[in-house]
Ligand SMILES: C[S@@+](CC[C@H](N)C(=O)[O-])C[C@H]1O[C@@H](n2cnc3c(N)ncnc32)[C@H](O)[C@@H]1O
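First, one chain by itself: the form predicted on its own, in structure tokens.
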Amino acid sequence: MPNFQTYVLKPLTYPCQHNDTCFECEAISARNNKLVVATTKGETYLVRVSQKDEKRLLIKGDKVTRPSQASILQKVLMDFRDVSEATEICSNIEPKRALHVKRSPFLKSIDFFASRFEVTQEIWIEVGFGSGRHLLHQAKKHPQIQFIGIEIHKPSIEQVLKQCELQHIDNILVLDYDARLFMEFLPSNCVGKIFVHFPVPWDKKPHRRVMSQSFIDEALRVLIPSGQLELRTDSPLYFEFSLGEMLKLSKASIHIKKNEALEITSKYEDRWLKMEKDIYDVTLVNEAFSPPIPKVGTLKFSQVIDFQKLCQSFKEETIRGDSFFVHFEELYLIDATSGLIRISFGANERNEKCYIWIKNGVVSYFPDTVLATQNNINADKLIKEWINGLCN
């Protein structure tokens, strides 16, 4: 991701406008980490300033608000560098990529799928599309299908977005999100195929695997009758694990293949084939119709708090519930009545990160699209109890 290093930054007077970016304010933590709130083209991002070593500062986008299109963040960082009169010591910012910053119409947020996405045709999903070869090939071959590609690797996302425009492919939507959570936002019985090709095996951290009992259950719910969940992997351990998870179902139609040739291969598969590694396929076929579910909403705060009391009592801590948790990580002060609290929360095996933003006592989530999944609802209750306990 774009970043640069410098020795010193000129202090800014906020708000501060430079080109298309407005730097609204800054927040500083007790650890002397700094967040600068930047707004450009209607979107808000956080620029993180931290001490690289005794002399150097590292400036980059905060992970919570980091855009999927790196060119947007590059432009924000370039504006911050220039308005702060910073001299770069080292940098991986590519100015040419920021010359024509525009948001791709194929890139969508999870809020779009939670609140505005309408199913008008059969959907196929690829989880972790990597270079995009398979996703692009399938989309061109099946123009009547709506494809959704899920990926968290930013360069891969930008590569596929670029290819959609160059090849005039208009039936792909791209999402930067955790695939294990995404299924909860789709209606039942709308997906024809789910491809999970060469996922990270996570042999040492199996809780991070995409394939799990909960993922399989959600996949079966969104699949149409005769729809398929297809895993393709070079890892015999991952293959055996996934097959075992599928066999836990009370009833299942499972098909297994080994070293099956596909019409198109990924760069990873090309590498494995050159190494003469075995490739395993396991396909789970859905045989049932699932009842509809309500759309997932977003979580909000309603209370007004005493920010000074919260600051006096704040400490880093983790609160655990039954299969979920909330970790209160760091408090950042903007002024006497406003600040940010960085938190992570959710299910024990997967979680989300965001900030609690307090402005003159009014509390909100930032970004404000914390979705009302069951684990998030449980975590949200803990967060509100924690805030009330500190402020009352």
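The numbering used is simple: start at 1 and walk along the sequence shown. The model shown is predicted, which means the values in this text are computed figures rather than measured ones.
A second form of this protein, the form predicted together with the named molecule, is not displayed here; the remarks below concern that form.
The named molecule in the model of the complex is approached by residue 210, whose closest heavy atom lies within 4.5 angstroms of it. Of the heavy atoms in residue 245, none are within 4.5 Å of the named molecule in the model of the complex. Although the partner is absent from this view, residue 113 stays clear of the named molecule in the model of the complex, with no non-hydrogen atom inside 4.5 angstroms. Taking non-hydrogen atoms only, residue 79 never approaches the named molecule to within 4.5 angstroms in the model of the complex. Figure note: of the listed segments 127 to 135, 288 to 296, 222 to 230, 308 to 316, the one touching the named molecule in the model of the complex, with heavy atoms no more than 4.5 Å away, is 127 to 135. None of 235, 266, 146, 189 but one reaches within 4.5 angstroms of the named molecule in the model of the complex through a heavy atom, and that residue is 266. Between the options 254, 273, 90, 200, the residue in contact with the named molecule in the model of the complex by a heavy atom within 4.5 angstroms is 200.
Applying a 4.5 Å heavy atom cutoff to the named molecule in the model of the complex picks out 150, 151, 152, 153, 177, 178, 179, 180 from 149 to 181, in order along the sequence.
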